[in-house]
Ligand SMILES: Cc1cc2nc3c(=O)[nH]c(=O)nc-3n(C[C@H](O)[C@H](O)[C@H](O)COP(=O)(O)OP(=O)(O)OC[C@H]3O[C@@H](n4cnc5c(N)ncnc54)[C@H](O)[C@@H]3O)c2cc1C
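Heads up, the chain below is alone and in the form predicted alone; it's given as structure tokens.
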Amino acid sequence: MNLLFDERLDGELPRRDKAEVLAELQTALPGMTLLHREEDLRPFECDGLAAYRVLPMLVALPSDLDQVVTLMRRCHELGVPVVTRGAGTGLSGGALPLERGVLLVMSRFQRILSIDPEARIARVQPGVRNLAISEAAAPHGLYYAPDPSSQIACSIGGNVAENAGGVHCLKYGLTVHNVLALEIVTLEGERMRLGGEALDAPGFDLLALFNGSEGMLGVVTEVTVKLLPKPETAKVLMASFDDVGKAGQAVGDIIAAGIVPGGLEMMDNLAIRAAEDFIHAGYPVEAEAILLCELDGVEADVDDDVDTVRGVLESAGATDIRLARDEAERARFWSGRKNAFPAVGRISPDYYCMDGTIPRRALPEVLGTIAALSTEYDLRVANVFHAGDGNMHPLILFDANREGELERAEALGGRILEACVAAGGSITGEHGVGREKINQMCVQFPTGELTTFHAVKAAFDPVGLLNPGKNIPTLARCAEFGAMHVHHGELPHPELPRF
């Protein structure tokens, strides 16, 4: 893919010889693992968005906080950029390294520091896997609610960086709603604590600012999360539809009926068939779309909600409605959804996962637009998404070995994100902007807002060494992108010169 790095931004950074930087860091941190040989660096050249690849100059693998502090101080003094990486499961190129920078890998910070069942909180290091928190809290009847599909592998530090969600975020919120405190290290090596265990903390809400900041403001070294009691019961309805638009309309109808499901997910026929072939979840492969609606809470309330939702689905035109018979079938229904991405990977040499968010009312319209764009670009699209909060994950199927297909997939992805913005939505819901969506930031935000974003970053990173060239485009970049990208006859940012 065309990375379109901001050469002006990178050019402002001093060029440091690799051998010089390696020697400086080895002297300052003799006990820390530093990888520098090509064969050792290669596994770190990309995150989950494997179409973007850059070999880092060095990879640092600290094992304690003092090493992180010293590393940041030395990189700041040397003027060497730092990109922080967790488990490497991100899907937007947020942890894509720089060939002139250090990749700081936090995977060795894997300790669960404490669990307080009475306060219902857990203190964990950033390398702890998302699912491991719930596993550790399970003996106390508690769990950590955000559950991205990669929860078996993704780390909580990466979840904070991208403000990850999951199938249950409609009712229980994103990462930002479930994190109480963070400990961070700044570019200069200063330690800070944001938030606290109380309902509110004094001063500006920097805790919320750091959730979703994609490693651009500091390095997360500890996370305090809130834990929730496991629901008394949870039941899942699976509704089949002969039309994708009807399924999309049903989503809004359920919320309008006053029901907030624990999870409300949608899959189209291509995704259904792929998941069923892979997982054997019991999905109806003839359906054009299915909805999975989970209702949890007290048994009597859940039974009432099941009856209400069943009526809504029938009125919306569902051709079949099934209630999971037991916990095993409920788990199979969810396993099919959570394994949809790898399932689609079995039917196409490559796929490109998008992450736009739209108002629920716009679901039928945007699904129609995606279908039309799929035909226009002659590329199949499998739709899998968190329907309840409008977070769409269209999977664009392509073959990178065929000339021009990768570029068509990238162009189609950009058009889908722009359709989300046009419908009143956003270019991202939980995967972050990273490198992948940086051009679409120019579509979503005007000059004034982008300038404010840069000012916020400069308050924490005035020299631009933390994950440079990601998330926030320069205004010059937006001018260049606008010169290639005309919307309704008007260029974005007309006040800026074209280069």
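These numbers were taken from a predicted model, which means no experiment stands behind them. One rule holds for the numbers: they count along the sequence shown, beginning at 1.
Keep in mind that the form predicted in complex with this ligand is missing from the display, and what follows is about it.
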Does the trio V236, R330 and G390 actually contact this ligand in the predicted bound form, every residue with a heavy atom within 4.5 Å?
no
When this ligand is placed as it is in the predicted bound form, which of 111-119, 195-203, 213-221, 409-417 ends up with heavy atoms within 4.5 Å of it?
213-221
Of the options G263, G248, P394, G157, which one has a non-hydrogen atom that comes within 4.5 Å of this ligand in the predicted bound form?
G157
Work out which of V124, A87, M354, A137 lies within 4.5 Å of this ligand in the predicted bound form, going by heavy atoms.
A87
Using a 4.5 angstroms cut-off on non-hydrogen atoms, would Y143 count as touching this ligand in the predicted bound form?
no
Touches this ligand in the predicted bound form: W334 (any heavy atom, 4.5 Å)
no
Answer for M267 alone: is it within 4.5 Å of this ligand in the predicted bound form, judged on heavy atom distances?
no
Against this ligand in the predicted bound form, would H431 count as a contact residue? Criterion: heavy atoms within 4.5 Å.
yes
Within 4.5 Å of this ligand in the predicted bound form, counting any non-hydrogen atom, which residues from 396-410 show up?
none
